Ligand code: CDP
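Okay, so here's just one chain, in structure tokens, the form predicted on its own.
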């Protein structure tokens, strides 16, 4: 039996000295703003993983009303979601993600992000794919007010 999950996340951008994305920090003059480390990509993956198995969502597992989640590492949140998935008898087959950002260019960092995500989820790198789209200078993505990510994950019963 297989299931598909979809995850999405958006964060505002503000002045900063690095962007946490895909479990790594990318040099950039902006940063994502959020209660945790604001890694939109790992948040989208976490929601996709949980949603595929009908196990809740990131906000239920790690509510922003809980002070313990202030500044939390999104890699730990994704690992906890993957543990919940495994405990429910599922495993990830693959995931396909899109990052929506005007800047920085994602391609130079893609392999490091794929490696980090694969390591967090204990997957082969071939099971993790990332691509990026700009906002073409339009809307909150294009004007660098926001960054977003979407992810589709395929899971199967163990």
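Positions refer to the first chain, counted from 1. Model, not experiment: these values are computed from the prediction.
The same protein has a further form, the form predicted in complex with cytidine-5'-diphosphate (CDP), not shown here; the description that follows concerns it.
**Student:** Determine which one of 112 to 120, 44 to 52, 127 to 135, 90 to 98 lies within 4.5 Å of cytidine-5'-diphosphate (CDP) in the model of the complex, judging by heavy atom distances; exactly one does.
**Tutor:** Among the listed stretches, the partner-contacting one is 127 to 135.
**Student:** With the partner left out of view, is residue 36 within 4.5 angstroms of cytidine-5'-diphosphate (CDP) in the model of the complex by any non-hydrogen atom?
**Tutor:** Answer no; every heavy atom of residue 36 is more than 4.5 Å from cytidine-5'-diphosphate (CDP) in the model of the complex.
**Student:** Although cytidine-5'-diphosphate (CDP) is absent from this view, report whether residue 31 comes within 4.5 Å of it in the model of the complex, heavy atoms only.
**Tutor:** Because no heavy atom of residue 31 falls inside 4.5 Å of cytidine-5'-diphosphate (CDP) in the model of the complex, the answer is no.
**Student:** So in the model of the complex, is cytidine-5'-diphosphate (CDP) close enough to residue 68 to count as touching (4.5 Å, heavy atoms)?
**Tutor:** The answer is no: residue 68 has no heavy atom within 4.5 Å of cytidine-5'-diphosphate (CDP).
**Student:** Just checking whether residue 56 would be counted as a contact of cytidine-5'-diphosphate (CDP) in the model of the complex - the rule being heavy atoms within 4.5 angstroms.
**Tutor:** Output for residue 56 is no: heavy atoms all beyond 4.5 Å of cytidine-5'-diphosphate (CDP).
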